[in-house]
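Take a look at this single chain, the form predicted alone, given in structure tokens.
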Amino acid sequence: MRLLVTGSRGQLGRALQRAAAAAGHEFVGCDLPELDITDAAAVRTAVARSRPDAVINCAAYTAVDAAESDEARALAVNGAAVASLAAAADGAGARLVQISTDFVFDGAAARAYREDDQPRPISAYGRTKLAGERAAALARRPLIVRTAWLFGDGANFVGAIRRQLDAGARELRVVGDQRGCPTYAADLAEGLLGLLGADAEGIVHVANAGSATWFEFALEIVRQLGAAAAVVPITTAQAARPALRPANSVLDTSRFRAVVGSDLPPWQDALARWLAGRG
């Protein structure tokens, strides 16, 4: 299988490159500055030249707080550009895989969110990612994968906690009233390849097994690193971030399990592998 991956130098893009190589797939990566996905003509040229079996869009505007004051730019990247990718994929006879987010939900549910639950984003970032889902759904062969709380090689929550500990922090104040699914980029990449191998279409939720609050996630990072820092829970209100976050964005991954035959590993196991550098 020949894969064209946009945003190839991000956390998921790099994980996909390793997973594709291990599975014997051809990988064509592109990212800024060589490809700006908001340039429709450049997208058409890149896809036509690559002749992929699947286009996996990992490129995104992911600055959740910044999007509140820069929604037009976020929408151009997360929404309108996806329409161009869908058209280009259709022209090449390729499947479009759009990476989306748990932030398309409002967090009011008392259970894990299923694929058929109604999206109700409460942030600019969530709105623009939902626009991307709707654009992707217009492709002839779309696969829309919602995931959450990604960590891997790049800027992420785990790395931020580790840097604070390495700098000698003795106390970490972490939000304790938002719950989601920590997800390891390497495991997500394997999950994506599994879905492509199963010829899956439509919307699928993919995340490591289990859930946590950011506070519980931080506690586990500190425990696995053997650090002595105290972790103190704070509220979302105390964190005072510009963008609203869903209180509950846990994803139900039962459809993924039904399609590929297994769940991704528990997030605690994934965290241990990433911290140990074991892939």
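The first residue of the shown sequence is 1; numbering continues from there. Since this is a predicted model, take the numbers as computed values, not measurements.
One more form of this protein should be noted, the form predicted in complex with a small molecule, which is absent from this view; the next part is about it.
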Segment that reaches the small molecule in the predicted bound form - one of 45 to 53, 29 to 37, 227 to 235, 241 to 249, heavy atoms within 4.5 Å: 29 to 37
Residue among A60, I221, A67, A212 with a heavy atom within 4.5 Å of the small molecule in the predicted bound form: A60
Single option in I144, A94, L150, L130 placed near the small molecule in the predicted bound form, where near means a heavy atom within 4.5 Å: L150
Proximity of I99 to the small molecule in the predicted bound form, heavy atoms at 4.5 Å: yes
Distance check, I203 to the small molecule in the predicted bound form, heavy atom within 4.5 Å: no
Contact test in the predicted bound form: L12 vs the small molecule, heavy atoms, 4.5 Å: yes
4.5 Å heavy atom contact, V77 and the small molecule in the predicted bound form: yes
